[in-house]
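Have a look below at one chain only, the form predicted on its own, in structure tokens format.
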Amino acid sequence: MDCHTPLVLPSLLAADFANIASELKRAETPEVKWLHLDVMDGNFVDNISFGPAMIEAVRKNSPLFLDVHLMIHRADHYLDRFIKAGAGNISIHVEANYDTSVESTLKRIKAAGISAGLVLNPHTPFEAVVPYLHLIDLLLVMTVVPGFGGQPFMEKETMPKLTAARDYREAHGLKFHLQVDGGIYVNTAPIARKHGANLFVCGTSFFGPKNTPQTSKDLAASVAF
């Protein structure tokens, strides 16, 4: 898949954890190829979600590509555990603390034979990720403050950075995906699409409605241009 093809990614954080097996099946619609998994440590963000054991369980029970978003400090320390668990892509935050560095962590992810992503929070300037853009396969521009689902889409703070990332990518002949996460619904996803996004993480908007097949079609249609 190239960096211009739009794709909807259900976010497991919004699923019913008491029925996780059936929720994974709900995500397997014709429009969905990737599943997004948010790992939170209660330190980098003020919430705790799940760790490598959940990634491994999902890997065993889902055919979808696993897009793992590490909202944690010291991602380099824990990295091998997530690689072993079956992640297809691992994204790390430019703002987080590392025992080594952002650059070396991205290189380790690539060396493991999986794709590497970098994440930018809403209030972090685009310039913070520029030194690493040649190393990545995916840039995630957070469209809410990370940590909790159900927040409103921060258009004013984030769309200029998404545009800047798209323009930089094209000017330098790079091919990384542009992903957005937070407040993504049928009315906000097209805004991000117009500013360059091709990967759309949908949590509450995907798992909230009961008619999942129709929801999946509607979300995919909203970015199909």
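Residue numbers run from 1 along the displayed sequence. The structure presented is a predicted model; accordingly, all values stated were derived computationally and were not measured.
Keep in mind that the form predicted together with a small molecule is not shown, yet the notes after this line are about it.
Shown alone here, residue 151 lies within 4.5 Å of the small molecule in the predicted complex, counting heavy atoms only.
Among heavy atoms of residue 117, none comes within 4.5 Å of the small molecule in the predicted complex. The small molecule in the predicted complex comes within 4.5 Å of a heavy atom belonging to residue 144. The shortest heavy atom separation between residue 11 and the small molecule in the predicted complex is within 4.5 Å. Heavy atoms within 4.5 Å of the small molecule in the predicted complex map, among the stretches 167-175, 48-56, 35-43, 190-198, onto 35-43 alone.
Residue-level contacts in the predicted complex: of 102, 136, 129, 71, one residue has a heavy atom within 4.5 Å of the small molecule, and it is 71.
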